[in-house]
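In structure tokens, the next block holds one chain alone, the form predicted on its own.
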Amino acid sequence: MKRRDFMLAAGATAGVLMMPRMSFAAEGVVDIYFTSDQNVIDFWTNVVKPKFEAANAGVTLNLVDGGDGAGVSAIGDRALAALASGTDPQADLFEGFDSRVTVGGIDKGLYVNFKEANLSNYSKINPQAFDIETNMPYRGSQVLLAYDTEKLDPANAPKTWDDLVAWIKANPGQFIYNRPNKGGSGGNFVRRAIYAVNGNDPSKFTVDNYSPEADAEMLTPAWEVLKDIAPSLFEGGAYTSGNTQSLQLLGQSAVTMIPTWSDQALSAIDQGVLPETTGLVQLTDLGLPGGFTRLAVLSNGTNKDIALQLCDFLLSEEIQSAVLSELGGFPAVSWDYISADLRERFADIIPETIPNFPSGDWEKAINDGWYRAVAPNVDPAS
């Protein structure tokens, strides 16, 4: 999701192609294709690339904006064809990509198994971040609560879902979230309400267990909760049209608290979009949903071994700390491997849980159900 629109760079970053194209593979030139936003590519350009190249003489990281997931997926399909023909895939590493997307790719050995790659830092990965062994997490993001500490004492900031609902109702007009189909911060606030009425048990929801009967049983109680708090929201029941608008309202002191992406909030504070007095807190009974961005390395890439060295480097304390302090993301390694000063600085947002709600049919049902049951007077297309 291209959610950080206020952070997009005004022009192309030097050395980064703006459209995906296959290049001729060269020894020592690692071709990396991205699906993430420009701010992530900027992080690689300004932090990862110079540090890795300085430590590995003769190596060049070629950072290529893949445009979106579909663009990188097409390169993955070509790489699979190259594997069958024994030719050069002209790519080495995919960023922000799920290796499962390439149909038959994992079974045919297109992607490196990271567990078997003998990376020195692999054991440091946060257990909550693990997926499958051909996807390596290297940064995360999670929805949390951002609030104005000049209006709300941090000691009184809600730490559980029930406390949050009680706070919203006790402070009418001081909370707002965006419509669930207009940005992940509001969408994941809605999903947290769904978890709350289902015993705070994320395992009850999977990609393939949606049914109309499950919809009625598991979503309807959440609509009742959200309808109950609606009159206590900003302007008696208003919703923003996106993540950025929510941040703007908080920055203007129009509201006291919003749900927001962790990386977006940290970057907004760093850039002055939010004041330095902004507080950040995560729920402790069950965190608001989030997820991790992963890497995939092509087994037939010319520079596979260097790409794996890069993956190991990305899990180092230096880069994982920079993910937090420079990019505004969450580390993919356990927080024990982050410097003590950063752990102390971000103590209130270190997640105990990072639930990841499935998409597919559940996503459509949540969006449709919210508009129908919670906000019937809001136009989904507006």
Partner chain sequence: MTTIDSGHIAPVQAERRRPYGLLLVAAPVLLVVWLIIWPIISAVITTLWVQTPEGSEFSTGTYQFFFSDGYSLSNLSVTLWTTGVCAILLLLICLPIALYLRFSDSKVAGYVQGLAIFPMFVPSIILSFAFIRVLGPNGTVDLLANAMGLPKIRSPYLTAWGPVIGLVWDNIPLTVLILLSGLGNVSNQAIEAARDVGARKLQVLWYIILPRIGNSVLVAISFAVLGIFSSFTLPYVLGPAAPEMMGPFMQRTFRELFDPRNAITQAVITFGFCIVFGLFYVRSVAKNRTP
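Predicted model, so just to flag it, every value in this text is computed and none were measured. Numbering follows the first chain given and starts at 1.
Unshown form predicted together with its partner chain; subsequent notes refer to it.
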item	value
Contact segment among 196-204, 259-267, 67-75, 216-224, judged by heavy atoms lying within 4.5 Å of its partner chain in the model of the complex	67-75
Residue contact check: Lys182 to its partner chain in the model of the complex, 4.5 Å heavy atom	yes
Distance check, Glu116 to its partner chain in the model of the complex, heavy atom within 4.5 Å	no
4.5 angstroms heavy atom contact with its partner chain in the model of the complex for Ser241	yes
Contact label in the model of the complex: Asn121 to its partner chain, heavy atom within 4.5 Å	no
Contact residue in the model of the complex, chosen from Phe292, Phe189, Phe234, Trp167 - any heavy atom within 4.5 Å of its partner chain	Phe234
Partner-contacting position among Ile132, Ala254, Leu152, Ile106 - heavy atom within 4.5 Å of its partner chain in the model of the complex	Ala254
In the model of the complex: members of 354-375 within 4.5 Å of its partner chain, any heavy atom	Lys364, Asn367, Asp368, Trp370, Tyr371, Arg372, Ala375
